[in-house]
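Here's a solo chain for you in structure tokens, the form predicted alone.
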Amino acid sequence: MSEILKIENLHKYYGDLHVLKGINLHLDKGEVLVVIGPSGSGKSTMLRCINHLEEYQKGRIIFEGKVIDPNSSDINRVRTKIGMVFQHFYLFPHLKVIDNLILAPTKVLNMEKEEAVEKAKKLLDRVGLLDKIEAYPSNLSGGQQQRVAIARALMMDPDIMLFDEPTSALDPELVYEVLAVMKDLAKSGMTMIVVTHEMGFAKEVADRVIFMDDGNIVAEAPPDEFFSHPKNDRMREFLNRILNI
């Protein structure tokens, strides 16, 4: 496999608060990496730094062989290649589903509207929501909104997808439908980093699982090894609590 993403000695501060304390990470093309850890451990901040939604104070992020310079005119092109799905969907409430999907490709990629609409229809069909093409977000369930958000991110043909706790705002019975779409994406070869508390998803889909605590990556292993042989007491305590074992 070829390396698509590399993070070197990444440090992030919010004022005096040291949130990321020298993160080192690599990801190969087609790999699914699941990130777990307690609240406040830096998981979401790391994702937001990768997509340059957050500035960082030290370190490098290398994407597809190039160091990302947030001050470069190239940063917007890079962002189109890094899709992101958030916890709270962030669909435009005043736009129909179809218009939420075609907005970015027509404005940012200068895609013709007819082409964008056809692509949107295929992606909505893929996530099981073609019948909701004319609906407004307020008429969709949380799970449906999140599937629309995934389809919207895929409209830009990203080379990597970042998922920031995509099911944590959903009612339990709606979690499955979102995870099913994510599993389908993984099987299709999409490179993914997923911050989640869904341990079943991690066991089934991840190539690697990392555990973050207090701004550090403290453990990393394939899922079988990760869950059966916790590397330290902190990780064992976290897994016992989240798995109720």
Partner chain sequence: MAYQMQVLIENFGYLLIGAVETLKITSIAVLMGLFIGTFVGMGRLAKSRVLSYPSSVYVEFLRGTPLLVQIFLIYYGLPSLGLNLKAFPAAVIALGINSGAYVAEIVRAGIQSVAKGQYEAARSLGMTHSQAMRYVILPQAFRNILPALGNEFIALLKDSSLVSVIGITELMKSGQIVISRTFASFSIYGGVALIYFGMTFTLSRIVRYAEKRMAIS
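Residue numbers count along the first chain shown, from 1. Nothing here was measured: the structure is a model prediction, and the numbers come from that model.
Missing here is the form predicted in complex with its partner chain; even so, the following discussion is about that form.
Student: So in the predicted complex, is its partner chain close enough to Lys132 to count as touching (4.5 Å, heavy atoms)?
Tutor: No, Lys132 is distant from the partner.
Student: Does its partner chain come within 4.5 Å of any heavy atom of His94 in the predicted complex?
Tutor: Answer yes; at least one heavy atom of His94 falls within 4.5 Å of its partner chain in the predicted complex.
Student: Can you work out whether Lys119 and its partner chain are in contact in the predicted complex, taking contact to mean some heavy atom pair no more than 4.5 Å apart?
Tutor: Answer no; every heavy atom of Lys119 is more than 4.5 Å from its partner chain in the predicted complex.
Student: Flag Asn71 as yes or no: does it have a non-hydrogen atom within 4.5 angstroms of any non-hydrogen atom of its partner chain in the predicted complex?
Tutor: Although its partner chain is absent here, Asn71 would stay clear of it in the predicted complex, with no heavy atoms inside 4.5 Å.
Student: Is it the case in the predicted complex that Leu179, Val195 and Phe227 each bring at least one heavy atom within 4.5 Å of its partner chain?
Tutor: Contact check failed for every one of Leu179, Val195 and Phe227.
Student: Which of these residues, Leu174, Met111, Leu123, Ala104, gets a heavy atom within 4.5 Å of its partner chain in the predicted complex?
Tutor: For this set of options, the contacting one is Ala104.
Student: Can you check 196 to 204, 48 to 56, 27 to 35, 210 to 218 and let me know which stretch has heavy atoms within 4.5 Å of its partner chain in the predicted complex?
Tutor: Contact criterion met by 48 to 56 only.
Student: For the stretch 80 to 96, which residues lie within 4.5 Å of its partner chain in the predicted complex by non-hydrogen atom distance?
Tutor: In sequence order, Thr80, Ile82, Met84, Phe86, Tyr90, Leu91, Phe92, Pro93, His94 come within 4.5 Å of the partner.
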